[in-house]
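Given next, in structure tokens, is a single chain: the form predicted alone.
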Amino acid sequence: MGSDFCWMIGGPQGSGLNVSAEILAKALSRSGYYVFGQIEYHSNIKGKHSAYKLRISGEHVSSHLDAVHLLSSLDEETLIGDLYHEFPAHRGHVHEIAPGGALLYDVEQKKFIELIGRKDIFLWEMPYAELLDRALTEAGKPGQARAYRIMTNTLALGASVGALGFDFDPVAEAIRDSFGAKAGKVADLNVNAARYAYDYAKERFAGQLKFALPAAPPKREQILVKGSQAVGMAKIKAGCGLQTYYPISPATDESVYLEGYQSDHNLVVLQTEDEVSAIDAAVMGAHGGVRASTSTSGPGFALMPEGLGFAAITEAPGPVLVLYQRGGPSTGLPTRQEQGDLLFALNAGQGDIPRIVMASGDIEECFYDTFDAFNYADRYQIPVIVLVDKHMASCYQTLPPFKTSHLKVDRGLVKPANTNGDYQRYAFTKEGVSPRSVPGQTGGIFWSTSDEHDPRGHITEGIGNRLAMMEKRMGKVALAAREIPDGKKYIYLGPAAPQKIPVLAVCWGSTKGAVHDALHHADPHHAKYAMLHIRLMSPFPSEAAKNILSRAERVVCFDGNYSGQLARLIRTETGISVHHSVVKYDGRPFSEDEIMVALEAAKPGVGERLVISQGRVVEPGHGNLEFDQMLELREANPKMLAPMVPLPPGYNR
């Protein structure tokens, strides 16, 4: 962790900061670096504050750090926050810069520098308008710098690279790639503008910074991918024929990604009028013989339980439902991180219905789990939910190319039906899985209904049939528990049995990345810390988890939600209560630093519940304290500018 470099860019949504960050990530990745990008953005469409943090490392990393080494500011809000509001929401990002780090800012932001109160960092001023005018003049557009102000993001990128002393050529190549088919004069203009800022910053600032990029590791084959893209890739690889969705953040990104490839892969991406239709269409697609899926987030999933039950009782081979968790459960923090839907996914639906619930822990698992989900759906003829979360969906990471040669499509028990008319779609079998037919199959006609039914599919309310059918359907989950390999249920890194485990960190979802990185750097040989990552939530690996948990002298469970949902599930499934439930529910993901803070705080005598926020353990009432401090800070700095986005009268000052 000590040799990693953290770069951040902040500005208003719509300013192109994410484009700049991803261009830099691409250039670094092509030069051999490992990168992990994390974006935080507001839930409005344009204008509110966003920030993109890029961790640059000489080794594989799966999480972000709290400290920033170089901050590039596109606006005043990055410097001082929104202190002009009646109730400010944040204080900018300058306080995140490590002592000895640097701030790059536009000369037009100079009047706010005196308000930031940092004497221990470098303050690097950039004349972006002047540099942009030079590039525009060269392109035959003199005096139009204000009209092309959006290109400040490109200048900030060039200045950052120059100040770091990184080569410009890979960045220029990545800029040209980002324009795709538009490459030409527009791409040249952006490259030239970035070059002017690069030269200016390199001449004045390079070599001053206390921190430096780590040595670039040898180049190797690697990809740069987001979680939502990995899910989409897996669906294509698995042969998904129907993807349904109703737009909702951040799940929409996956469907938009698939729309770009549907004509090449015999795939139909269907945007429905709502989430009820989305899951119903996916269920019918599964009955229709294609591999079908839908994707949504918590509020959309709240409309899907009836369709989930319909899929379960009709024993449809799916659908695969990818649930992107985020703030909520309705629209509380719709573009922020939260792992709040675990228990919801496990229990949603009328009555007892079978399901498989997977929880991917990183982008690689997003790919492999989603592929496996289609095989499980076909094999056990039940709906399969893949839990992802906002952090994993939107983070950008270097990874080795996905290995696909061993991936085999398993369509399950599809047998040619007899032609004598005695085909029973819901026949009782030893394992509870009935041979299914697909449309067009000779002799494969069957009845299907959401009411209880006999083996042929006809409605019945007979007691014996009801008991047998419930046991048949629910028994398929137990069958999956026996057949799914342990490696796809959980990951354990630590001393082998029967050795004792001093401290066991238990995690799920994207929290895995922060826990893994923290333990890798603090205790690579697991002399003190071990990790248990739960990957399959239903059927839960109860016995295996119980065996590991019982060897731990102290269990610390990490949850990105208020109530500690994984800790509760562990208690339900194993009877073991964790010693410390570490929760974070401020809308931001765990960082590597926060994992270590929590592990060091989780000592005997400390309460069972630990709340993490902004890099530290906070006490009850911390939110009110923080709220009051922000008001005091605003009152101490009366020279605030007007809001960038006009607000209704009476809403804010």
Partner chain sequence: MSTAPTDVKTVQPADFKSDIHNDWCPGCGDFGVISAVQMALAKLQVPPHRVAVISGIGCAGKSAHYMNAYSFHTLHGRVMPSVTAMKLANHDLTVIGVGGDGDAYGIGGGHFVAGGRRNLNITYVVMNNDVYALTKGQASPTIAKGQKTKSMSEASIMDAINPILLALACGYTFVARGYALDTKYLSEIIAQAIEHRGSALVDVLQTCPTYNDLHTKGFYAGQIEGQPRLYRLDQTGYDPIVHNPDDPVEIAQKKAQALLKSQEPGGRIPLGVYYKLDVPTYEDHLKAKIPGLQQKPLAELDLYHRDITPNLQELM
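Not measured: the values here are computed from a predicted model. Numbering follows the first chain given and starts at 1.
From this point on, the text means the form predicted together with the partner chain, which you will not see here.
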In the predicted complex, does every one of 225, 263 and 306 come within 4.5 Å of the partner chain, counting any heavy atom? yes
With a 4.5 Å heavy atom cut-off to the partner chain in the predicted complex, the contacting stretch among 122-130, 153-161, 72-80, 439-447 is 439-447
524, 207, 180, 401 - the one with a heavy atom within 4.5 Å of the partner chain in the predicted complex: 401
The listed residue (332, 247, 457, 475) that reaches within 4.5 Å of the partner chain in the predicted complex by any heavy atom is 457
Heavy atom to heavy atom, is residue 326 within 4.5 Å of the partner chain in the predicted complex? no
So in the predicted complex, is the partner chain close enough to residue 273 to count as touching (4.5 Å, heavy atoms)? yes
Heavy atom to heavy atom, is residue 411 within 4.5 Å of the partner chain in the predicted complex? yes
Residue contact check: residue 357 to the partner chain in the predicted complex, 4.5 Å heavy atom: no
Using the arrangement in the predicted complex, list in sequence order the residues of 282-317 with any heavy atom within 4.5 angstroms of the partner chain. 284, 285, 287, 288, 289, 290, 291, 306, 307, 310
